[in-house]
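Only one chain is shown below, in structure tokens, and it's the form predicted alone.
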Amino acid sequence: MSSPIRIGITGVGKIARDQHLPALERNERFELIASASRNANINGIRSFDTLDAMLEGAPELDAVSLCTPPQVRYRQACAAINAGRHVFLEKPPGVTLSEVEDLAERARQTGVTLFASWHAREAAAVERAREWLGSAAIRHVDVQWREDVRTWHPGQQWVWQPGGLGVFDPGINALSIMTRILPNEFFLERARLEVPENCQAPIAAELDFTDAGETPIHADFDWRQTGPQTWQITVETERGTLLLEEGGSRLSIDGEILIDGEDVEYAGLYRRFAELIDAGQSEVDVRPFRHVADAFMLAERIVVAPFDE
């Protein structure tokens, strides 16, 4: 086996503790040796206040995972790439398409791996859904992605600021699955964003896409749902109806459950990151992010009641 990839995490918040740390602990290809965070640390490893301090204080690092809000990620990724480290980007990969494309070019010139991760694509049933839809004539797609922002982002203000994406922070997960499983490229025709009067980012979005075959594709994202959360994609085809639920972990065809899997998303991401590093390659698919940018450009904006934490 190749020597472990020595990795550091920047941004020790909810997503790092809930997903990254358990995935790294179970992956023998990685050795977590350092963290950088203003307000938190990880027991048993060296802790630094900033990424720059971590890069200087832990020169043996091979790679870094950036789990910080997207508004600060470009500068951090540049610093890591310039220092010759491989970089894992949490989703969304940045705040603009231009900066992500610049990072990809910097990584290419430096000869390091840049991985723009889309964790929902690693859900247990996504690849089976993609395979089944590859030979199906699609008639209609409906996406319902509804959750409670207070549960998933308690007290986090960056999601409501410019670049924070608002409801597209979870909604981009649906878009990442859609761009993976649907056999044809699709594009936005109409959109409606609901923006709280005290926020800069939407709390809900309705999106209507189509493709070259004029297939109707509707998506409904909402951050106000309490109780059970809804993350599902329904695809009607001439062969039957495919239903992908629980964020991509459960697959059924015409009501028959084919896969009901466990949470394997971040295990898959770190497995893929190791593969890319070993192969000397990068993976930067900006299609889900481009659909978000299109929505902000094209959508009708409706001001709604202020968001009260």
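None of these values were measured; they are calculated from a predicted model. So that there is no doubt, residue numbering starts at 1 and follows the sequence shown.
Beyond the structure shown, there is the form predicted in complex with another copy of the chain, which is absent from this document and is the topic of what follows.
Answer with yes or no whether A137 is in contact with another copy of the chain in the model of the complex, where contact means some heavy atom within 4.5 Å.
No - in the model of the complex, heavy atoms of A137 and another copy of the chain never come within 4.5 Å of each other.
Using the partner position in the model of the complex, report whether R75 sits within 4.5 Å of another copy of the chain, counting heavy atoms only.
Contact with another copy of the chain, yes.
Report whether the minimum heavy atom distance between H20 and another copy of the chain in the model of the complex is within 4.5 Å.
H20: no contact with another copy of the chain in the model of the complex.
Though only this chain appears here, would E300 touch another copy of the chain in the model of the complex if you measure heavy atom gaps against 4.5 Å?
Answer yes; at least one heavy atom of E300 falls within 4.5 Å of another copy of the chain in the model of the complex.
For this chain shown on its own, do G261, D263 and E309 all sit within 4.5 Å of another copy of the chain in the model of the complex, going by heavy atoms?
Judged in the model of the complex, none of G261, D263 and E309 sits within 4.5 Å of another copy of the chain.
Quick check for you: of 234 to 242, 140 to 148, 127 to 135, 102 to 110, which stretch puts a non-hydrogen atom within 4.5 Å of another copy of the chain in the model of the complex?
Selected range: 102 to 110.
Though the partner is not shown here, which residues of 262 to 295 have a heavy atom within 4.5 Å of another copy of the chain in the model of the complex?
Heavy-atom contacts within 4.5 Å come from F289, R290, H291, V292, A293, D294.
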